[in-house]
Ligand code: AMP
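This document starts with one chain, in the form predicted alone, laid out as structure tokens.
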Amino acid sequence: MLVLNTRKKIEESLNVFWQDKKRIGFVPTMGYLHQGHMELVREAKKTSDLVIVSIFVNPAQFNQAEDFNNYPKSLEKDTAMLESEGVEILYIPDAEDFYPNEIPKIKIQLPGMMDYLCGATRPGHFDGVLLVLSKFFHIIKPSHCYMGLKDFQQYKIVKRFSEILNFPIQIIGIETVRESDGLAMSSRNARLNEKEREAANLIPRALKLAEKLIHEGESDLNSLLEILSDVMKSSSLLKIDYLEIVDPELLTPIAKIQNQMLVATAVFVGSIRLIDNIQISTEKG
């Protein structure tokens, strides 16, 4: 596996693949890899001529310096995991090569899609996400980019942004990988202590309860949200950042039950912010 850290080295390594129009699968990560990331890699390996994974803790998408500074790192372990999966290239950008002068200040607006969920509680976050991915797309020129659906809003925004800018890239969403007790796999889970880890299990339990209640005929969305909120608030260690039911395509709140819905939440478990969601369909068959 090649480990590269500059744009020039990426261009030298990928030039022949670009010329031959090979299928390049790209998996962007911030490191501290887990089996959720490996599932993205495995999906990319199935249909790609070459898989490239990036590890870059992007400062442009963090709202708080503390969160950026505390983001867990395990580069040696990450490298070994990727090598065992047969990844051809690991791109670990040198920060000065990637942002040669300073981090650009950009403002991107996708009305509706960026106004709710993480877009409302983390202003500027998606500006940073789209900035870094735009740079990756220009540098790597992948044919496909694989993203986890735990970050459902991010997946939808990146997909729409890529369509608007005519990036010749397919954005592929991969289902959330979960721990045995249902908690969505996240690099941040490693920062939870034993009691916080136990309390965090209330998040997927609340989401599954939403699905159950809707399928049993619950039609009052405000009552449903109140029930889910009570479940998570049953632990003093949990603080809800947001809890919303939105249209999975528009990412805007809905007022009544519809065929396709997304229940999405961000929750502080102690000082650790976790996100999760569940897609619910009322269509039969």
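Start at 1 and count along the sequence shown; that's the residue number. None of these values were measured; they are calculated from a predicted model.
We do not show the form predicted in complex with the named molecule, though everything after this point is about it.
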(message) Taking a heavy atom within 4.5 Å as contact, would all three of 31, 37 and 185 count as contacting the named molecule in the predicted complex?
(response) yes
(request) Name the residue from 130, 147, 89, 203 that puts a heavy atom within 4.5 Å of the named molecule in the predicted complex. (result) 147
(message) Just to be sure I understand the contacts: of 71, 99, 116, 167, which is the one whose heavy atoms reach within 4.5 angstroms of the named molecule in the predicted complex?
(response) 71
(request) Look at the stretches 175-183, 158-166, 194-202, 78-86 and give the one with heavy atoms within 4.5 Å of the named molecule in the predicted complex. (result) 175-183
(message) in the predicted complex, does residue 143 come within 4.5 Å of the named molecule, counting heavy atoms only?
(response) no
(message) Given that the named molecule is not shown alongside this chain, does residue 154 nevertheless sit within 4.5 Å of it in the predicted complex, heavy atom to heavy atom?
(response) yes
(request) Determine the residues of 1-22 with a heavy atom within 4.5 Å of the named molecule in the predicted complex and present them in sequence order; the list may be empty. (result) none
